[in-house]
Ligand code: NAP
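Heads up, the chain below is alone and in the form predicted on its own; it's given as structure tokens.
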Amino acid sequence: MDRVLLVTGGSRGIGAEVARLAGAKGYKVCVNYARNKAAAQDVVKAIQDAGGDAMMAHADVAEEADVKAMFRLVDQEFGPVTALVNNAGIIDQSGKVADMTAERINRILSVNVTGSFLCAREATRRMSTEHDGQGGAIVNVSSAASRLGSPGEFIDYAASKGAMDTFTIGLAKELAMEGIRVNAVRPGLIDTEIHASAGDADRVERFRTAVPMQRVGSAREVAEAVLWLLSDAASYVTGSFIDVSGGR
């Protein structure tokens, strides 16, 4: 059976690295993107140039119609997904709760939480043995922020990742008898562009000394943990978390 992986938010950062590594390991990879088509094309080309099989799919994961269409496209091109990485997530400018608007909070929750629910639902309908599937694996990309709270910066983002942690635990138990494993990684201070998108490009340097290992992590290090959780090497692992955070 082909191993078919959908990576949401796969055009940049951790998602792009997961997609490239999965392609090198023999997965057929669908790279989801919301806005940056050119970046998604670059990831797909890198996988193909290395001898892998990849495609891309546009979808705003917060939109149910988009998610349904994306999974149908993967069905047509590669067959049903056997693995899902819920990586798509957004953050807003650093600030305090007193200054946050309902629009900001709801948008972060709709992408980071609702989007993951919708993608997991569609993946479950294809992978679950109760739906005549062959089983599979889901990895949710949470964050160390779910444990730390991110006071004074982005509590709304941290709260969305706290929801992802609870979602992971519940879904893992719900699907344990249906051939689907559900786990999560919690990246810490990782060198990606998400810090710049929060208006704080120098954040990684400022917080480096707060990490026990005294260094910033890489997207590749997170991707390695994700691919292990997807693999048969983690066949007895579900409802678990790997903190890729340098000890913080």
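Just so it is clear, the model here is predicted, and its values are computed rather than measured. Residue positions are given as counts along the sequence shown, with the first one as 1.
Another form exists, predicted together with the ligand; not displayed. Remarks below refer to it.
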Could you tell me which of 76 to 84, 168 to 176, 104 to 112, 121 to 129 sits within 4.5 Å of the ligand in the model of the complex, going by non-hydrogen atoms? 104 to 112
Does any part of Y33 reach within 4.5 Å of the ligand in the model of the complex? Heavy atoms only, please. yes
Given that the partner is absent here, does G89 sit within 4.5 Å of the ligand in the model of the complex, heavy atoms only? yes
How about Y157: is it within 4.5 Å of the ligand in the model of the complex, going by heavy atoms? yes
4.5 Å heavy atom contact, V141 and the ligand in the model of the complex: yes
Scan 204 to 227 and note down the residues that get a heavy atom within 4.5 Å of the ligand in the model of the complex; none is a fine answer too. none
